[in-house]
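Consider the single chain below, provided in structure tokens and representing the form predicted on its own.
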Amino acid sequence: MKDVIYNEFNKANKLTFYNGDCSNLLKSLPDESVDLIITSPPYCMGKAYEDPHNDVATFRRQHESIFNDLYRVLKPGGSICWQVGYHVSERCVIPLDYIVYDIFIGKSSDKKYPLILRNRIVWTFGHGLNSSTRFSGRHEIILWFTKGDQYTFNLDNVRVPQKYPGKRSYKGPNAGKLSGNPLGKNPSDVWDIPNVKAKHVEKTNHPCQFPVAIPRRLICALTNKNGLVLDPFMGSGTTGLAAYIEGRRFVGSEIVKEYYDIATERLNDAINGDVKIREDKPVAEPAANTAVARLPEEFAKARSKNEETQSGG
């Protein structure tokens, strides 16, 4: 029997997709029922799926309005992973993770809401929009909070290959022995994962997708099999797809019908065995002898001319 996507939450559901405001979904969830919350909320910059009058104040109000329910539905020992970038205007750049931290930890300061920040993870990617008035943005932030001191962290599930697996200790009691973990190394708090652009295998019509590799890594590390994962701003269903692949239950909401339909289609493809994802593997540099890696002659001339200008020649 194939898995089914339900549109109303029931604890027996494997997959629940709610087409509507996340506030309504959150109020329908039982207390302490969710193991992990992963999301990337709207940045309130007037994107196609946002109110054109949105601003940073709107971003703050939206987060403050749902925090109590987010905290209520999260199990003790559960985790919240909030992936955000920057609110960019003609005037300035505002780091949205500062606002999220201020709200989530500020609410926790009276000990009524004991959230603890465990990591500020930098997600870096090599390609994106280029800027001529500032350095081009090539990273976003994932804030990982836990509800209390005891929490799930399955490091061995997310280890990555070492650059030098044959390296050995050169002194001390382990001198001469292999120095690394046989399962790989800790992926650290800087994750180099390509973003979803152009011909990326995961690309849909959603303008701001994040890659499946991000929630997969978080789900594997921070939950156990059959745990419940929540995404209140589901978008194209990336977190739901990651949860399904990793054998977890999922509940999410998306207010825009077009994106809700995309998410549903992606999960139905996965249910039918047609998963379109980029595996979580190190980014490979292009071979030196390929056409795209060779420096074009006109670029070489332009750089040479610029060097002369910089040196005063």
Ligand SMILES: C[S@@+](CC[C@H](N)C(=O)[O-])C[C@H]1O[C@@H](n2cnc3c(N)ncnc32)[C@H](O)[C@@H]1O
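Residues carry their position along the shown sequence, with the first being 1. Just so we're clear, the structure is a prediction, and the values are computed from it rather than from any experiment.
The same protein has a further form, the form predicted together with the ligand, not shown here; the description that follows concerns it.
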Contact assignment for the ligand in the model of the complex, among I255, I245, I277, L29, heavy atom within 4.5 Å: I255
Stretch from 159-167, 229-237, 142-150, 92-100 whose residues place a heavy atom within 4.5 Å of the ligand in the model of the complex: 229-237
Contact of Q209 with the ligand in the model of the complex (heavy atom, 4.5 Å): yes
Distance check, G20 to the ligand in the model of the complex, heavy atom within 4.5 Å: yes
4.5 Å heavy atom contact, F59 to the ligand in the model of the complex: no
